[in-house]
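Take a look at this single chain, the form predicted alone, given in structure tokens.
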Amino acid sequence: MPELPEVEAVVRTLRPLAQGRRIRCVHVFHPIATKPQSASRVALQAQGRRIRIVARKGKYVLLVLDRGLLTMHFRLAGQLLWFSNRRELLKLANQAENGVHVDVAFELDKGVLGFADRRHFGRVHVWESADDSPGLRVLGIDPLSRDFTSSRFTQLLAGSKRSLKDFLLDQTRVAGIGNIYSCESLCHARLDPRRHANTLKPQEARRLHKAIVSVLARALECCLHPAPDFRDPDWWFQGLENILRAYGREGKPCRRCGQPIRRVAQGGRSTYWCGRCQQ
């Protein structure tokens, strides 16, 4: 699932392509991508609008329009595509042979932006404002924002009895961190993912804050080199596995102490950690 670094890389790559462009036409090929909103609502409210700002909040891509707001959430495997024009879109989209899967496409005054998710978990929605979106309204602090200070993060930890891993996955607390970077941040901070958040000492909370910032910054740099290629439907982020210390490395030696990385289930998800370093 794309997390904050991946979504931020997508936004930075999309911004020069789409910001300032007008949406001439909206093509909804698979209405499931707009549920529970109707395809006609998304099309009617987005068509004719100009994209003022391309931004991100948590794991959401935001297209701030001259009136209203478009949100895109990739969920497990969503992605963005780019076509030169309407002709290319209709030639390639959802064809039986050599076709490119596209759920929703926004035909701009220059180029076409496509949203695709073959598994149909990703969503495209339109809102009058950010306050109208239930998902955006409840998001917590963004780790790349200036508000994500060590003192603010320490306060959030102190107010939660959840395990550290579950706390980091709670989007109402810290927005954008998922399974991969929660494991990595806890590994870098040398903290047991099963420990209760409110038991951290101030110096441990500061260590975790620093680890989160560092892990996300390094992952973002990796996601931008190379940058997302919206022209290639098979493109995906390269090299992330080389920077991971814990996630997906069950049984492999810890890069710090050499002990095998463990895996434990937490909240229905796999947590990877080193039993010696993370205590």
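The shown structure was predicted, so the numbers you read here are calculated from the model rather than taken from an experiment. Residue positions are given as counts along the sequence shown, with the first one as 1.
As for the form predicted together with the DNA, it is not shown, yet the points below apply to it.
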| item | value |
| --- | --- |
| All of K35, F121 and P134 with a heavy atom within 4.5 Å of the DNA in the predicted bound form | yes |
| Non-hydrogen atom contact R146 with the DNA in the predicted bound form at 4.5 angstroms | no |
| Heavy atom of R162 within 4.5 Å of the DNA in the predicted bound form | yes |
| H209 within 4.5 Å of the DNA in the predicted bound form, heavy atoms | no |
| R15 within 4.5 Å of the DNA in the predicted bound form, heavy atoms | no |
| Partner-contacting position among R255, R22, R269, R262 - heavy atom within 4.5 Å of the DNA in the predicted bound form | R269 |
| Option touching the DNA, based on a heavy atom within 4.5 Å in the predicted bound form, out of N94, N85, Q171, T199 | Q171 |
| Listed range touching the DNA, judged in the predicted bound form by heavy atoms within 4.5 Å, from 41 to 49, 210 to 218, 232 to 240, 27 to 35 | 27 to 35 |
| Within 4.5 Å of the DNA in the predicted bound form: residues from 70 to 94 (heavy atom criterion) | H73, R75, L76 |
